[in-house]
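This document starts with one chain, in the form predicted on its own, laid out as structure tokens.
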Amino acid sequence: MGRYEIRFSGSGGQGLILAGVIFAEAAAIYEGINAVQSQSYGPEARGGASKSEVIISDETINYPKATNIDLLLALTQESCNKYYKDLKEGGILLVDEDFVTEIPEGNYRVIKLPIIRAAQEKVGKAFVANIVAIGAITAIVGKVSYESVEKAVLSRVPKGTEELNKLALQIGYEMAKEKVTR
């Protein structure tokens, strides 16, 4: 597998820090893959740019910061504009098609999904967009099993929201699987 770097980006309040934590735990705890997670957000808790990075590897991770991103999730235009330059050549730019309408030029694959709309319309709650995104990333990356990610999600979400979050994960996974296999 080697080193694989993922950056979850959007605005504060979208649950991207939690998304990174969940994905890293799925890899490390449930799959036994080396994983590190780090985060950064602006001075505003909500509304400012935020990012969470996850590095997974079957080798020792000597440097815990992402420097050559394999997959960038951008839920907002601001986060896309700010972080796309860190995507490696041939990487994947995963965007929310409703909120990222201007795709920067680059040598990477672009996957557009209605992440927030799917959370609102198919799950009934926009706040699970981060879990929809995790499902999509799980399908696209293919390095951590769906079952492990589901276990990590269920260990982190508030009691009473388990079924809602399982549905969100499944919707994101299926949406991305359909796009990737086309």
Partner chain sequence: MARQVKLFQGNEACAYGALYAGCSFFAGYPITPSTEVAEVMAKELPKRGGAFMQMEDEIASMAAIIGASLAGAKSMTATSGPGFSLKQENIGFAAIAEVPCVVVNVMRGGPSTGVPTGPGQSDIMQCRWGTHGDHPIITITPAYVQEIFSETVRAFNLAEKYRNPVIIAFDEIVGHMRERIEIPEPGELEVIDRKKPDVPPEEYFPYDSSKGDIPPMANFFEGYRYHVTGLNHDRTGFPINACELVHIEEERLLRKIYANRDDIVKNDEYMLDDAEVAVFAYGACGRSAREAVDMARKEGIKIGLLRPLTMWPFPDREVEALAERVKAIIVPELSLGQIILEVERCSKGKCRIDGIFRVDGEPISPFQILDKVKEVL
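What you see is a predicted model; the values in this text were computed from it and never measured. Positions refer to the first chain, counted from 1.
Not on display, but discussed next: the form predicted together with its partner chain.
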Is it true that 24, 33 and 63 each have at least one non-hydrogen atom within 4.5 Å of its partner chain in the predicted bound form? yes
Would you classify residue 120 as touching its partner chain in the predicted bound form, given a 4.5 Å non-hydrogen atom cut-off? no
Is residue 148 close enough to its partner chain in the predicted bound form to count, meaning some heavy atom within 4.5 Å? no
Residue 67: touches its partner chain in the predicted bound form, heavy atom cutoff 4.5 angstroms: yes
Is there a non-hydrogen atom of residue 154 within 4.5 angstroms of a non-hydrogen atom of its partner chain in the predicted bound form? no
Picking from 110-118, 138-146, 54-62, 125-133, which part of the chain touches its partner chain in the predicted bound form when contact means heavy atoms within 4.5 Å? 54-62
